[in-house]
Every structure is written in structure tokens, then in C-alpha cells.
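Listed next as C-alpha cells is one chain, alone, in the form predicted alone.
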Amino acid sequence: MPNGLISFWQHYGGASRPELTQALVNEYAEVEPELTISYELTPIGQWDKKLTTALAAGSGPDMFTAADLNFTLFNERQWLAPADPATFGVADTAALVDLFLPASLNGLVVEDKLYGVPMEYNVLHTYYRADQFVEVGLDPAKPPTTWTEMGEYGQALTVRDDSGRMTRAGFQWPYRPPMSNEWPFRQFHPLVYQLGGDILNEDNTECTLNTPEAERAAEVVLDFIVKYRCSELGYTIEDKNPEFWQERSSMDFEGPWGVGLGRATNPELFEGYPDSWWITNFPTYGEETVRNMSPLWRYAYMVTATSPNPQDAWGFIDFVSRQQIRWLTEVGDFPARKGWEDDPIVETLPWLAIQLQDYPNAVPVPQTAKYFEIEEQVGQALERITTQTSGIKESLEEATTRINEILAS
């Protein structure tokens, strides 16, 4: 029987997820009254640095949430405790894995041990303002499907005041600064991948940014500023996700969580679906596309190897992962744990069928222990390109050289 205190750290990127998490913490206190859970939130922009620093110092929490891009590093450093299948009521790891949807646990199982249970199972979709489409003469039933159309539609939807200052972005690309590298990297990766290229080669030993595919991808990013003028440096706010729901942009990329974020951020706009807002699939290059793709990533519950109460932590993780319908309806997260797919409530979520179409093409960012160092170099390259302080080819060559040095170190 649990008896003690466990600390739980989580990233914060909107109100709905921590609100449900706190409710579940309170409910679990009734299930296990001898256990106290100390729940602490950190804004997403500060999260990775805080968590990694704490784990490296041996002062991290008992349990936490982390993106899958962290997993290779955390596992390599032996910072994680594996789950005990018995805690989840099953006999072995094979049965434990079978509790979850196919592909949701890819990379989280090492040597027959599970090290993370996804709380978010995400791909990106295009959210767009149907009412603003009508306002500028666009048909909301025919949303953009290609990167060129994202620029063309974005150009038509952008609003500027008499001085030329942008007051509504048609489609705002996430630039740094003020953004961290996470979103620029996450959205640049599919631009390269869809053309048949990638950031790294297949075994993650060499950078492949000095290629025509990456150059073409960088041109697309720059076009949103220079050619279509639907994006603008400095317009993006640090916490990007609410921009669409704060009515700062007409089109944006969000995962399934965007639904819950809209309900919490702008309930009046949210209730206007589909006349006010709509959703469509992640864009491609159309006929140029070599490989269809939507970015995939997961945030998973993990337990620290130094925790004195790992079984208590995994017991709480088992409890929260069983609340599939609540995560889907209250937050918008796609539950990784099976059991919700045939629930009647699914029929009441009209955007769900569109979102599900992006999952078969979902691909994660390169999984490497050097991820954050590589992400920084890609971010610097994109910053040089978008500020036009360096040419596309030169910037990507410089990034390639630096990343290869990182990989070799």
C-alpha cells in the first residue's frame, strides 16, 4: 500500500491539461489516502532546461512528463526507472505494451522494459478560421492542402493597419526569437522530410541539411515572410499555441490538444465550430511530395531512477492513463491507452475523423541523445535565413558542419 510523498513535475502550455491533472491528483488521494502527490507546473518554454538540469544533478522529481525527443538522452544517462507490469495489472511487458495503441510506445521500450507512458500522442493538423475565409472570399470548405496554398491563403487573410503593421497574421510561422527552437525545428523537419530529405541520415550519424531538399524547405519558410507577407518576425509570442485562439492568426498548426486549448482559451469562438473555425490535414507539397508526413511527438509520464517510491509513481500513472475519455473530451489529447476508440462520445467530436487521417503519416523528429544541440544549430540556421543575414545555402552548410562536429564529439 502506498505510504508517503511523491513529487510530480509537468510542463504547462495551456489551462485544460493541468486542470484535469489536478482533478485526478485530488481523486487519487481518495483512492490512496496514505499517498501525497506534490504537483508542480513549469511553463513549456522553460521546461526542458529545468528538467534536464535537475535530472543531471540528481535532484529531479519522482515522476515527470517529457517529450519523446528527450528519451534517448535520459535513457542513455540511466535517469529513468522502468514500469512494473504488475502495477498495471498484467503479467509481463508484452501484455503491458498491448494496453496501448500501436506505435504509441515506439522507442519507449528498451530491452523488454517500458520507460514511458504517453500522456499526449500528437500529430499536427491545420486549424483555420472559417469565418475569416468567408470574409476575404475564400471557401472554408476548400482549405489549403499545399505549402504554396498556405502562403497564398495566408496572404489573402493577413490584415495590416494604415502604417503597414500586421494586426492579423494569415499564417504565422514560429520564428526565433522569441520562440525557443522547439517549434521552428518541429515545423521545419516535415518540410525537408516530405521532399525525401531529412535532418540526419538513417542511423543519426551524419547531418543531411546541405541538400537541395533542405534548401527548398528553407525557401518555403522565407517565402512566408518575403513573398506572401503573411508571417512576420517578432509577431509570434513566446507561448505560440494560443495565438490562433487569441485571434492573432487565421491559420495555425496545432495537435489534438488544440481543441481543448480552444475550449479553455476562447470558449465563444470554440462553440462556433464549424462556422467560426475548422480543421484540415497537415499540408504537403502536392505533386512534389515524395513522402507524406505529419510531425509526431509524444509527451510521456516517466519515473526517475533515483525515486524512492517508483511503484507509487507508476500506480498513479496507471490511474491517469485509464481516464481516456476525459483526456479526449476535456483536454483534446488522443489517449495512447486503448479503450476509447468505440465509445459513443467519439461520434460527438466532428473534428476527430479529420485528425485521425494524419496519424498513418506521423513521423517523429530524429531520436538522438544530441537532439538539443542539433536543434539549436537548426534554429540558428533558420534565424540567419529568415533575417536574411546569410543565404540559404551558406546557412545550411554552416549548420551541417557544426552538427557533424556535434555528432562526432
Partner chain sequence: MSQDQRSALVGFLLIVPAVAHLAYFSMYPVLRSLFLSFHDWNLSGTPEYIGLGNYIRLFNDVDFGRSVQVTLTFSLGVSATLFLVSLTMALLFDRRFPLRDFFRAIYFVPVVVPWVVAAIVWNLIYNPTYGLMNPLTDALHLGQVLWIQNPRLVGISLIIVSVWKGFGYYMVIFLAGLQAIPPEYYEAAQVDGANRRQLLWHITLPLLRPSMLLVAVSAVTDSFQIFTPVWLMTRGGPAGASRMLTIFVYENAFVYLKMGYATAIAALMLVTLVVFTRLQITLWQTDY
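Positions refer to the first chain, counted from 1. Just so it is clear, the structure is predicted and the values come from calculations on it, not from any experiment.
Not on display, but discussed next: the form predicted together with its partner chain.
Peer 1: If you check in the predicted bound form, is residue 377 within 4.5 Å of its partner chain, heavy atoms only?
Peer 2: Residue 377: yes, in contact with its partner chain in the predicted bound form.
Peer 1: Would residue 53 count as touching its partner chain in the predicted bound form under a 4.5 Å heavy atom rule?
Peer 2: Residue 53 belongs to the contact set for its partner chain.
Peer 1: Report whether the minimum heavy atom distance between residue 235 and its partner chain in the predicted bound form is within 4.5 Å.
Peer 2: Because a heavy atom of residue 235 falls inside 4.5 Å of its partner chain in the predicted bound form, the answer is yes.
Peer 1: So, residue 320 and its partner chain: in the predicted bound form, are they within 4.5 Å at any heavy atom pair?
Peer 2: Outside the cut-off, so no.
Peer 1: Is it the case that 17, 186 and 214 all touch its partner chain in the predicted bound form, with a non-hydrogen atom of each within 4.5 angstroms?
Peer 2: No, none of 17, 186 and 214 comes within 4.5 Å of its partner chain in the predicted bound form.
Peer 1: Find the only residue in 337, 176, 113, 326 having a heavy atom within 4.5 Å of its partner chain in the predicted bound form.
Peer 2: The option sitting close enough to the partner is 176.
Peer 1: Exactly one residue in 227, 77, 291, 142 has a non-hydrogen atom within 4.5 Å of its partner chain in the predicted bound form; which is it?
Peer 2: Only one option qualifies, and that one is 77.
Peer 1: Only one of 380-388, 34-42, 354-362, 340-348 gets a heavy atom within 4.5 Å of its partner chain in the predicted bound form; which is it?
Peer 2: Checking each option against the 4.5 Å cut-off leaves 380-388.
Peer 1: Mind listing which residues of 313-339 have a heavy atom within 4.5 Å of its partner chain in the predicted bound form?
Peer 2: Sequence-ordered list is empty.
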